[in-house]
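In structure tokens, one chain follows: the form predicted alone.
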Amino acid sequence: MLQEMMTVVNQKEIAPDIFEMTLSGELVKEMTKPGQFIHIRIPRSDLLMRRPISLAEIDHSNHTCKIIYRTDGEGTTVLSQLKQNDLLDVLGPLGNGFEIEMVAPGDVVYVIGGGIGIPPLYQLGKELFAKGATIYFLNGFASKEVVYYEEEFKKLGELFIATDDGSCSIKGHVGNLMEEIVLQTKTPKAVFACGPSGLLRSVEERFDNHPHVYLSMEERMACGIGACYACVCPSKKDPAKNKKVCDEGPIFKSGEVII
């Protein structure tokens, strides 16, 4: 883990209120696993809390990484106003990342995401593609208007989309989509998911007792390094104990925590 003033290489709005930012810096060398995140200090003196944002793409050859975020408060709005060559105080990489060592060429894997939980699944998809996996992406959005990275995911595997209002592909939440895809494919070797709690619970229930189900939690956090206990969730095996999402997660195996 390092702290660095990373340079903004590029920033663009890829859907209404959803931005893709490219950053460069030495810190990229430390980014080794899909699903890790960075903790960003918003460049405004009255906004003291850092914002955890997952890594959407890691490019070691160019020393760059990409993040995708939605502007839903003052902090992310300030972030969206940064321009090329601006500097950003970044701490990271943080979190444990997705485990993909068990995936072999030809294995079927499901990669399931919802809304702004989808970005870390792109880097995951790239690494699963490189391993030769057969990937089924199941992405859920509110509407066609906010669908992003459609072509990028299609280059890595088969993409299925569900929208809440039915304006793009199947109407309904991604849990319904998951039930249809299960009937069409082989039993997956592994299932990876990131998104709201309801999505993660539905994945956990659908693949109960599957040995390789990995769920990425989204929680508010303060320090990001396990010191403040602001992001704890109860352990499923012992509810009297808590797990810290920032340094013991954000990815947990199914059955490890109460979602």
Partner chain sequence: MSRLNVSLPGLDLKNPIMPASGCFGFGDEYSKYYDLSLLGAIMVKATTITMRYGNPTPRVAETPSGMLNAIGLQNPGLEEVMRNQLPALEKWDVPIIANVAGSSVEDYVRVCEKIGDAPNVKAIELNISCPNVKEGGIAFGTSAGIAKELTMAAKSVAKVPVYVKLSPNVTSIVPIAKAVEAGGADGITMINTLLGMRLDLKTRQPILANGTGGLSGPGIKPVAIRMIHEVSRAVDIPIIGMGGVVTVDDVLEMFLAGASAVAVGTMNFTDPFICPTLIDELPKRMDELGIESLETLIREVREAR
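The model shown is predicted, which means the values in this text are computed figures rather than measured ones. Residue numbers count along the first chain shown, from 1.
As for the form predicted in complex with its partner chain, it is not shown, yet the points below apply to it.
Taking the partner from elsewhere, no residue among I14, L23 and S143 has a non-hydrogen atom within 4.5 angstroms of its partner chain in the model of the complex.
Here the chain stands alone, but in the model of the complex its contact with its partner chain, taken as any heavy atom within 4.5 Å, falls in 46-54 among 27-35, 189-197, 46-54, 59-67. Looking at T7, you'd find every heavy atom of it more than 4.5 angstroms from its partner chain in the model of the complex.
In the model of the complex, R41 approaches its partner chain with a heavy atom inside 4.5 Å.
Proximity of A162 to its partner chain in the model of the complex: non-hydrogen atoms within 4.5 Å are absent; the residue sits far from the partner. When contacts are judged by a 4.5 Å heavy atom cut-off, K237 does not count as touching its partner chain in the model of the complex. Shown here without its partner chain, the chain has M221, A222, C223, I225, G226, A227, C228, Y229, A230, V232, C233, P234, P239, A240 in 221-240 lying with a heavy atom within 4.5 Å of that partner in the model of the complex.
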